[in-house]
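In structure tokens, the next block holds one chain alone, the form predicted alone.
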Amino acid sequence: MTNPRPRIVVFSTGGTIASVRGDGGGAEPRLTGEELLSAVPALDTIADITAVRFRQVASQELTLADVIALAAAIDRAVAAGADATIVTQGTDTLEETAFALSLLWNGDAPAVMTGAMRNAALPGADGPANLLAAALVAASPAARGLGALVVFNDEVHLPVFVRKSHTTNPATFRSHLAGPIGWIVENRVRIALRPAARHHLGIAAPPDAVAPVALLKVTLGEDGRLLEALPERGFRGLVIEGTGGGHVPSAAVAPLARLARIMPVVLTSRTGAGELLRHTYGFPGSEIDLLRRGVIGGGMLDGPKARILLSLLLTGKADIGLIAKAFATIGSPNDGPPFIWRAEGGV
């Protein structure tokens, strides 16, 4: 008896992959999931695929509350018999959605994210090819147990590493620290590397309960005046992208130290690659100085991903000790067992 074809549910959220020319002349996300599937007849040879219109927006309109709801929708789809899921999204925030989904979804069924850099009206539109590659990965036994993945330009990336690196290049997604973990060649999926650990945050929250976290980038001459305004604006945490290995001007040290006494403050590097230093520099505003003042090191996470993690933890009402442990574990591969935490009411 032949094995049944895998069942894949595609959650469409809009973005360039779903965009066509609008009334004003620019591209707008108007194509439904069904229309995306109909543009790639070869999908029928891979799996039984159905589409769900989850959202229909440009990706900058998506929120962390949307991703929490998406993870719950994926869980329901798999519980109802889906073998894998695909999420189509705009590329501008895809790396953040993918990272959040990698923390929220802990099932064996792959949750594959993809999109496009060229909309359907442009020559060489890459959406159909990326959707086909995503389906091949989603249907592959080799992808089971890997959790959320980003498939783009025939490469397979882990969300914790991947980031959009170019405004228009179809090969925009890069994983600078680790490279892609796999690729697709002649419709065959190759998974060459597997993650050392999968982390999970069991969080369920209504949209108005998601904790607001600020993200600030340090630049030349930063004096820290923006830091003083964060508590009164309702922020519950801060991620600051320091220069180099994790440094700020001395003028920003005192405001940061004051903030760290009343809310979690996470330090990352604005470079976008590499791991935050911990023991190298000792001048005022260096990583040693800031960590001694209660700032939490973000490890290898860049600013946007650290913001996602901190917001999820605060949404789940994690205390400062648990937050520090999460960043020490998730931000530093192989430094311990997976970080597994279920907030009250989480899944």
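Model, not experiment: these values are computed from the prediction. We number the residues from 1 along the sequence you see.
From this point on, the text means the form predicted together with glutamic acid, which you will not see here.
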{"item": "Within 4.5 Å of glutamic acid in the model of the complex, all of 16, 92 and 164 (non-hydrogen atom)", "value": "yes"}
{"item": "Stretch in contact, per heavy atom within 4.5 angstroms of glutamic acid in the model of the complex, of 112-120, 142-150, 76-84, 240-248", "value": "112-120"}
{"item": "Interface membership of residue 58, glutamic acid in the model of the complex, 4.5 Å heavy atom rule", "value": "yes"}
